[in-house]
Every structure is written in structure tokens, then in C-alpha cells.
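What follows is one chain in C-alpha cells, specifically the form predicted on its own.
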């Protein structure tokens, strides 16, 4: 039997939906396939995610979050990465700040996915105070991963859905970097009209990666992208290569879901694609 490497350790602060591929139900299998042991700090438990469903059950776990991670702290757990996604209240944002205080080190990676909105509109329950709180989290990130809507609200600039010029993409990334993050991965850029992709910027170099656009949208694709991005970085890949892998995998999953006729609200059929991630070898 070949020698097995010890898995990297990551902790994700996200909600758990009983049905629907998003948040923890996406992050856990994807990062596991990439050789990462994921510890989950759940913010809420829902019967389904909130996109396209009504009558779902919702159990708020805000009161449990800090005792949860304080137990980890008492046990001496350490993590190679901290990963945050959707956070639903100012109180949860404050708790995550203390979570960062407890577990951030100079050697681990903090990835903040500032899940706030899409198509130029904030999600329900989000207001200016929430945007301000998420800005403060982004300031502590090694990598922040906003879409164009989130970038607009975070930088207090007009939403531009058709951003194409490299100079315009760079301008947005520079404004995001000014919030304090060490690097930015901006999703949803269109360097060509029929192409869709992402751009990463570390304060020195802008790298844009796009492919022919697959004309179908699915809930949870942002979680798929961010999870593969983090997994790639934990495997030792550069930010640029990790972003490319995340974009490629997300596109393949969308294409697979289109061929299967999957309901957009069910999320993408990533399960059959996981062997592609298992085959990604860590950098030596």
C-alpha cells in the first residue's frame, strides 16, 4: 500500500442545509477529496437552503458557535486554513472575529468568501451594517473571494455586470485589496463577451482566467469554486493555479448538471466529478 500523507487541517464556518448542494455540504466532500480534513463550525441548520424553496425549517446556532470553537481551542486544535462563507447576522460576524483571534497564525490561510448577494442585489437580511462587518472580516483575510455584486458593495462603487477591460478588472481588485486582504480572487469577470471566469491579484500581478461561458446558473457554484480554490492552496499550488483549477472544476460540474437536466436550485452534480479532484497531486 502506498505511503499516505497526513491530511491538511481546515475549519469552515458555514451553515448546513439538509438538502441542496451549498455551504458545508459542498465544502466537506470537496476538501476531503483534495486531502483536507475539514472541521465544521455550523452557523445554522436548515431543511433546505433558502434559494428557490419555501417552508424550510431553520435552526439558528449563533449561541452555540463560540462554545463550539472554544472547546476546539481548549483541546489545542490547530488549523492550516480558516474558511468562512455565508454569515447571517452582526452577532455571527463578531463571533467570527473572535474565532480568527483564537486560530489565526502567521502560517495558516484565512479565506473569506463574503457571501452577500448576486446580480447587483444584496440578499435579504443584509444591510449597510452587515456590509461594514464583512469588510472588517475581509481585512483579516489572506484571500477574499467576492463576486462582482459583493465587490461593488464592499468598495461602495456602482455594480458593473459586464466588466471586461483588464484595466477595469485591475481597478476593482485594487479597491478590494485596499480593504486589507493580502490577495483577491474576483469571480464573474468577462474578459470577452462569450467568456466567463475569474481574476486574482496579490498587489503586484493580475491574472485573469476565463473559458467559454456555459449558459446556465446553479445555486452553490460559488461554494464549489471557493472550496476547490482553498483545497488547491492547501496542496501547495499557487493562487493562480488554484483559481484555474477551481474555475475548471466548477465549469465541468455545471456542464454535467446541464446534461443531467438537474434543477438549478438543487446545486451542481459535483459528486461524479470528485475523482478529478482526487487525481490532483499536491505540489512537492
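Positions refer to the first chain, counted from 1. Not measured: the values here are computed from a predicted model.
The following text describes the form predicted in complex with a small molecule, which does not appear among the structures shown.
Exactly one listed residue, out of 185, 151, 181, 115, brings a non-hydrogen atom to within 4.5 Å of the small molecule in the predicted complex: 115. With the partner removed from view, the residue among 29, 236, 51, 42 that has a non-hydrogen atom within 4.5 Å of the small molecule in the predicted complex turns out to be 51.
The stretch in contact with the small molecule in the predicted complex, judged by heavy atoms within 4.5 Å, is 21-29, chosen from 256-264, 5-13, 21-29, 269-277. In the predicted complex, no heavy atom of residue 35 sits within 4.5 Å of the small molecule. Remark: residue 100 does not count among the residues lining the small molecule in the predicted complex, judged by a heavy atom distance of 4.5 Å or less. In the predicted complex, the small molecule lies farther than 4.5 Å from every heavy atom of residue 77. Put simply, residue 123 is close to the small molecule in the predicted complex: some heavy atom of it is within 4.5 Å.
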